[in-house]
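This document opens with one chain alone, in structure tokens, the form predicted on its own.
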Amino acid sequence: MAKESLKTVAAMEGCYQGFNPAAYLQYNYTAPRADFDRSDSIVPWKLSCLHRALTEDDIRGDVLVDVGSGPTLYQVMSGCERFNRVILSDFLEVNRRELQSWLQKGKSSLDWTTYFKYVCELEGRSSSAWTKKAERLRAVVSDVLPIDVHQSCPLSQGTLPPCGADCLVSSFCLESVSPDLTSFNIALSNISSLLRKGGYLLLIGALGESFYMGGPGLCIPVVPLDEAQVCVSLRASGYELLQLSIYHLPTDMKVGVDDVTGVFFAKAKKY
């Protein structure tokens, strides 16, 4: 990476000083964005996309890597049933601590119970099975690791089997940590090195977003993406795009913590 790009990436890292996991979760993972009684709420839409993507092609295997987990767990609630090992990862220590707190002590800044119940229902199980799903997730998460998507080897060597992971999940990570589109594309290529040939990428991201709040008074810049650019970037990184779904935010979902206009869900397969 050129010196100028390195400077902008370093500046991006500086934007995350003071990131507040509890505030971020409150902004994005409570009602109205996480209203499980509304069919047009964004979080149920994301959970449904993940569930369908895994079940329609019966995606399963040995290792699932969640790239840039942040302080959230929802993105691996379906996958934890289909893989023997789940690796969570994030650049920020505060987010890794948040995840470890739930894994080791059952303590979190957000109560994930309704999320687990909703995914159980998607899977055709009673919502009362949520405790077993939570136990399953704790059992299969083998690591919560530091990751840097701007490095050619984002995870420490030896973390994955030599052939790579069977599946990657990444939600709102790459566009939120890249200073420009070039850096976004490089980051996408970097994380692809973690995935085996023929493996699947499940990618969730923001459309038309230029900033989001990472805590009170902490405004973090985002690379604005559109649907066409997502398709171009995936193909350029060696993927066959299998599915692209778009969610358009209703007016009352625009709660002032970002300027996102939509969300994409992409299922892609590595050549």
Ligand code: SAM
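What you see is a predicted model, and the numbers here were worked out from it, not measured in a lab. Don't overthink the numbering: it's just position in the shown sequence, from 1.
Same protein, other form: the form predicted in complex with ligand SAM, not shown, and the subject of what follows.
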Quick check on this chain: with ligand SAM placed from its pose in the predicted bound form by superposing the site C-alphas, is the site open or blocked (blocked meaning at least 3 ligand atoms within 2.4 Å of backbone or C-beta)? open
Ligand SAM isn't shown here, but in the predicted bound form which of V86, L160, L188, C173 has a heavy atom within 4.5 Å of it? C173
Name the residue from V149, M77, V144, L201 that puts a heavy atom within 4.5 Å of ligand SAM in the predicted bound form. V149
Please run the contact check for Y239 against ligand SAM in the predicted bound form: heavy atoms, 4.5 angstroms, yes or no? no
Please check if Y247 has a heavy atom lying within 4.5 Å of any heavy atom of ligand SAM in the predicted bound form. no
At the 4.5 Å heavy atom threshold, is D166 in contact with ligand SAM in the predicted bound form? no
Is S183 near ligand SAM? Define near as a heavy atom within 4.5 Å, in the predicted bound form. no
Given the stretches 136-144, 103-111, 117-125, 86-94, which is the single one in contact with ligand SAM in the predicted bound form, using a heavy atom cutoff of 4.5 Å? 86-94
